[in-house]
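First, one chain by itself: the form predicted alone, in structure tokens.
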């Protein structure tokens, strides 16, 4: 009988997962431009859009620009979908997250269509979003995303997107 392999310390696993998410998010310049961040708790992601004056579309209200809202939802959906793929590959041992860097990122899903429902005005404050992958196959995926500000039960926008999945053996971006 072979000796048991000692599991990695929890902190090492967390750091590896956080580094993989950071590499995924920082590989998209537009995410940096908007200032979108991601909070990870296990495999669950929350997208955070910190308030910035440049996000205001109508200064008379003031309200977050509709295009910023749509981009925030779409980014949350794409990163959630990509993260679910990276997570599966990391946890199965097929992907070494230490090798994820801006030159060796997995290809991101491509948007086929994305529909946004604007439910109320996006106020001049931080916004949050969570996406749920409804279906993810080899070629196609469907994702629903919801955004709120002060109260999770009072959404200000929601969206549904359909995405073309990257080929699993495709060369990394770069």
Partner chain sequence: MDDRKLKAARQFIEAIPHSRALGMVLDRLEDGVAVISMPYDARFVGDPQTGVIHGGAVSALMDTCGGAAVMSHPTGVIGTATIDLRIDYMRPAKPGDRITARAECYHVTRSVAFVRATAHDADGERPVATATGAFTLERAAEGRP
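As the structure is a prediction and not an experimental result, all values here were calculated from the model. Positions refer to the first chain, counted from 1.
Although not depicted, the form predicted in complex with the partner chain is the subject of the following passage.
> Could you work out which of 70, 133, 123, 48 is the residue within 4.5 angstroms of the partner chain in the model of the complex, going by heavy atoms?
Selected option: 70.
> Do residue 54 and the partner chain share at least one heavy atom pair within 4.5 Å in the model of the complex?
Because a heavy atom of residue 54 falls inside 4.5 Å of the partner chain in the model of the complex, the answer is yes.
> Is residue 74 close enough to touch the partner chain in the model of the complex, meaning at least one heavy atom pair within 4.5 Å?
Yes, residue 74 lies within 4.5 Å of the partner chain in the model of the complex.
> Wondering, does residue 65 line up within 4.5 Å of the partner chain in the model of the complex on heavy atoms?
Yes.
> Is residue 105 a contact residue for the partner chain in the model of the complex, using a 4.5 Å heavy atom cut-off?
Residue-level check for residue 105: yes, a contact with the partner chain.
> Please name which of the stretches 27-35, 139-147, 125-133, 40-48 has residues with heavy atoms lying within 4.5 Å of the partner chain in the model of the complex.
Only one stretch passes the 4.5 Å heavy-atom test: 27-35.
> At a 4.5 angstroms cut-off on non-hydrogen atoms, which residues of 117-155 are near the partner chain in the model of the complex? List them in order.
Read in sequence order, the residues that approach the partner chain (within 4.5 Å, in the model of the complex) are 117, 118.
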